[in-house]
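Only one chain is shown below, in structure tokens, and it's the form predicted on its own.
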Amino acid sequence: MRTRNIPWAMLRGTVVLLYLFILVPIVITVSVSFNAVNQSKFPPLGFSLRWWADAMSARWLQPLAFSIELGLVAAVLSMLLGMPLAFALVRHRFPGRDALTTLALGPLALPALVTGIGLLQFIHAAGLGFLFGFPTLLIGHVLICLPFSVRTTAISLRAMPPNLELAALSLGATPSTVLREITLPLVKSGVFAGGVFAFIHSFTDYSISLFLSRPGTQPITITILSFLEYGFAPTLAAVAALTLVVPLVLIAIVQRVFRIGDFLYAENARG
């Protein structure tokens, strides 16, 4: 009996270590934001909300709001572009399909730094320097977020019962009705899961934003990176906590409305 329990004990220990590895830095960062002194001390020296008040100033809330706006627009465009692309790649066979798949999923394999430099060079070579700011950031973020939407939508399409749509067509439903009443409801969890992944990837990106942003239109990641040149202050800890809350709130809302857990835990959902 003890011999059989050893693997499970090792598994539980590994899981606990993984959770500690993830959660301990977060706890330390949040604790540092309550320091009473202008030093990143842990455990905190005293208690103060001064740094949270600084984090709520326009200096930080403006780039935070900009990042949220950029992430939401990039996520929506990624879903709108990724859904038909996933349908084409999963449901049809055509010349160049493999090349299109590689292009659609390529940003996942390429380092974001390489993608950022490539976009920067392309924009300058094409004479599109006047677009620097939100337009170029949006182009870059959609490019790196599109693979998430394509991938999750494709997984949902492949998980559908193969004869379900054919059965609806045989009973007299039109193709548009099948798409609206059967296909989209069944794949919506994958579509919105891709949108959530796209938003988080856009919201936390700095490699693309570093090359394509300009003063006045900088995401929160670039603002934090610029502030780090002068050292790490408790204000940054408070800002980091805020940037952690935003994706968590979004995930909770989307899960509540669209049940992306049905995609993330499909096997449990089917059981």
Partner chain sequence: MADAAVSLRGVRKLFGSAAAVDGIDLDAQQGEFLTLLGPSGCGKTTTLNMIAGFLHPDAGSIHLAGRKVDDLPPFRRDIGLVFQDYALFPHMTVAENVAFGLRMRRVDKAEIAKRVAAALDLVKLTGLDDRRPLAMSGGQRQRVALARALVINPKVLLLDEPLSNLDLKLRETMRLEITEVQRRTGVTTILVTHDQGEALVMSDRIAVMNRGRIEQVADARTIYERPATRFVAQFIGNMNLLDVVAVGPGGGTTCAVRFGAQTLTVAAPQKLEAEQHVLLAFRPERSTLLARPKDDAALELAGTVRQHVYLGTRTEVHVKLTNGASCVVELANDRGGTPPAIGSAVTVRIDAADCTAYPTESCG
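Please read these numbers as outputs of a predicted model, since none were measured by experiment. Residue numbers count along the first chain shown, from 1.
In what follows, reference is made to the form predicted together with its partner chain, a form of this protein that is not presented.
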| query | Is there a heavy atom of residue 127 no more than 4.5 Å from a heavy atom of its partner chain in the predicted bound form? | reply | no
| query | Using 4.5 Å between non-hydrogen atoms, is residue 191 touching its partner chain in the predicted bound form? | reply | no
| request: Using a 4.5 Å heavy atom cut-off, state whether residue 173 contacts its partner chain in the predicted bound form. | output: yes
| task | Using a 4.5 Å heavy atom cut-off, state whether residue 186 contacts its partner chain in the predicted bound form. | result | yes
| task | Residue by residue through 159-180, tell me which have a non-hydrogen atom within 4.5 angstroms of its partner chain in the predicted bound form. | result | 161, 163, 164, 166, 167, 168, 169, 170, 171, 172, 173, 174, 175, 177
